[in-house]
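Consider the single chain below, provided in C-alpha cells and representing the form predicted alone.
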C-alpha cells in the first residue's frame, strides 16, 4: 500500500511525546494541516471551520472537527478519538467548544504547546485565541514537529519516489503535446488529465488522494515566452509560439506527498542568447548539486550558487534561493538560502532549482527533488536536463 502506516505514525508520536516531556508539555495543540496529517494521517480541505489535533503526554491522539468532517475523520484518520462541533460560526463559537473539550481532557491549568494559538484566519474565519478561552500555560512550539519533519522516513521517501514517477509521466505528456499555436491551458489540462487517469487506474485503492489536489499535473502557469521571466507567474492563457522559452512544473500527490519536477523548454531552434542562459542555468545547478552532502550547511549551498552568479555578473538575473524542503507541503523547511544555517542530514528531501530570469527573453530554471544520502544525494525525480532533449518541434 502506498500510504503512511499506523506503525509509522506511532513512531512519530513516540518521538513527539518524548520531546514534549523534555519541554514539560502536557499537550500539543496543532492546527497546521500538514502537522495534523503528520500525527493522525488525516487529510482535509482547510476552510473557515477550525480543525485541530491534540497530542496528549500519554500519546493519545485526538481530532476535533466540524460535524461535516466527523465520519470522514473517523474512517480515514489514525486518531484515537474524534470529537466534533456543529458548525462555524454557529450559536456557540467552535473555539469555545474546543476549549470545553480540552477542559474535559483535564488540560485547564496545564502546560499546552501550540503551532497556532487558536486557528488561522482563512476563508473569513474570525474567533478568539485558544489562550483567551482556556486558562492554561502556553508556549509556541511550531518547531517541535517541524524539526521532526525535516528528515524523511523510509515510508515518506517511498511515497515521494512514487510521486516522482507520475510527475515525470505528466511532464513527458506535456512535452509531447506542446506545439506552436496551442493555448498553454489546453496542453496543461490534456497532459494532467491523461497522467491522472493513468495514475488512477494503476494505483486505485492503494493510495490516498489528499487535499484539494488529486492525481498528477503538469503545466506552465503562465511561464510562456517573455512571461517566463516571472518566477511565480500565474496562468495568462498564452498561445505558444515559435521561439518561446517555456518553464514547466509537474507533480503528483501520493497520499499527501508530492515531489517537484520543473524544466526549461524552447520552441524551435534556440537562439544563441537562449543557449547561453540555458547553459549558465545548468552550471549553477551543477554547483548546487555538487555542494550537497551531510554536514554541509544549507546556507553554504546557496552561497556557492550566489558566488557563481556574482562571478559571472548574473546577479541582475537572480530572483530566489536555490531550493527548499518538500514533503507534506510543497514548500517546507529547510531552505537552500544564505539565511538558513541548518545542517544537511541524511534523509532530508530538497528541491534544487537555481534560476536565471532575463527581461524580454524569459526564465531558465530546472527543478529536481533530491534526497540527502550518507555519501551525498540521490535524485528522486528523473527527467532529461540537456537542451537538445528539451526542444519543442516548431
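Numbering follows the first chain given and starts at 1. The shown structure was predicted, so the numbers you read here are calculated from the model rather than taken from an experiment.
In what follows, reference is made to the form predicted in complex with a further copy of the same chain, a form of this protein that is not presented.
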Contact check in the predicted bound form: 279, 297 and 378 versus a further copy of the same chain, with a cutoff of 4.5 Å between any heavy atoms. Do all three pass? no
Tell me, out of 110, 179, 312, 320, which residue has a non-hydrogen atom within 4.5 angstroms of a further copy of the same chain in the predicted bound form. 320
Considering non-hydrogen atoms and a 4.5 Å limit, which listed residue (283, 146, 100, 155) is close to a further copy of the same chain in the predicted bound form? 146
Interface membership of residue 338, a further copy of the same chain in the predicted bound form, 4.5 Å heavy atom rule: yes
Give a yes or no for residue 78: in the predicted bound form, does one of its heavy atoms lie within 4.5 Å of a heavy atom belonging to a further copy of the same chain? no
How about residue 96 - does it come within 4.5 Å of a further copy of the same chain in the predicted bound form, if we only consider non-hydrogen atoms? no
Under a 4.5 Å heavy atom criterion, is residue 44 part of the interface with a further copy of the same chain in the predicted bound form? yes
Tell me, please, which stretch of 159-167, 284-292, 114-122, 101-109 lies within 4.5 angstroms of a further copy of the same chain in the predicted bound form when heavy atoms are compared? 114-122
Since the partner is left out here, which residues of 217-241 would have a heavy atom within 4.5 Å of a further copy of the same chain in the predicted bound form? 221, 227, 229, 230, 231, 232, 233, 234, 235, 236, 237, 238, 239
